[in-house]
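Only one chain is given next, in structure tokens, and it is the form predicted alone.
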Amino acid sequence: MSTPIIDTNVFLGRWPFRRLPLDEAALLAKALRERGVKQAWAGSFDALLHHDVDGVNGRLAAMCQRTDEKLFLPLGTVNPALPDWEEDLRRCQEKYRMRGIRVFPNYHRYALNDAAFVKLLKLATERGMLVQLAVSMEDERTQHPLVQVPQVDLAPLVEVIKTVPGVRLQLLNAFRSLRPDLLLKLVNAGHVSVEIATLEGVAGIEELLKQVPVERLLFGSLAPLFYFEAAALKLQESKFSDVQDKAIRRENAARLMAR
């Protein structure tokens, strides 16, 4: 891979339900660098189930700095279903110097048209922060029987985005449930982008580019929950131009984070 990659979807820490290869930060950092990744936007697996959100964010920031601060860009978690979440948002930016946040509506049990989530989008936008929304994490068929987590219902998001001018929103792990017609509505409603970790099918990226502008498509691997190579191979088995390839691997992500 000659073009350096920005991986917009990695996680640090331990997946709650089983050990994963590369679930040690130093091992993941080494593997990503060997595969041409120059920057990795990192969230924390602890964010899914821990109530002490500030503790999660503090550990994530420290882990990124201690392991490889030039590689890992930490994205903190804010849970608008918990009390005093506005303080967690403030600390993400002002205390931990995070440039964006990652939210998990299905694990934290709120809908996308809930007033608190709409307020979160507005406050994050006022602070100039990117918001990443994880649509899913794990296939329902492999989930622990006591922790059954559905896909996020994205339908309300179309109207919500229209009420938050300037919002920068990236959908993670979206393609197991995101219909093409809904994706087009979301892209047209505001600055919504997606990444490729859960994109399936032959020539998946090639087909996707027939529906949405290349500027809205970013590289993401969901490592270490998914194998990094699964995402990398998607870039190889689709046909598109060198300009599009560079945009997906790096340029779109760099532009999105720099705004």
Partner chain sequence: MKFWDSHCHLSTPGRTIDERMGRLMEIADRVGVERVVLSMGLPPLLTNPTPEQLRKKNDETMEALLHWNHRAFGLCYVSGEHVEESLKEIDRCVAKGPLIGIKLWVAKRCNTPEVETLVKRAHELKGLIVQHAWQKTGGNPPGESTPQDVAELAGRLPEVPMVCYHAGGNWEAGTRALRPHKNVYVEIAGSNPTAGFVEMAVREVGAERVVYGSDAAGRSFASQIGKVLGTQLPEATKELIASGNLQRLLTPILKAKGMTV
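Because the structure is predicted, anything quoted here is derived from the model rather than measured. Residue numbers count along the first chain shown, from 1.
What follows is about the form predicted together with the partner chain, which we do not show.
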query: Can you check whether residue 83 is within 4.5 Å of the partner chain in the predicted complex, heavy atom basis?
result: no
message: With a cut-off of 4.5 Å between heavy atoms, is residue 225 one of the residues that contacts the partner chain in the predicted complex?
response: yes
- prompt: Given that the partner is absent here, does residue 206 sit within 4.5 Å of the partner chain in the predicted complex, heavy atoms only?
  reply: yes
- prompt: Would residue 239 show up as a contact with the partner chain in the predicted complex if we use heavy atoms at 4.5 Å?
  reply: yes
message: Looking at 36, 58, 201, 213 here, can you tell me which has any non-hydrogen atom within 4.5 angstroms of the partner chain in the predicted complex?
response: 201
query: Counting only non-hydrogen atoms, which stretch in 187-195, 58-66, 227-235, 43-51 is within 4.5 Å of the partner chain in the predicted complex?
result: 227-235
task: Give, in sequence order, every residue of 10-31 that has a heavy atom within 4.5 Å of the partner chain in the predicted complex, or say none if there are no such residues.
output: 18, 20, 21
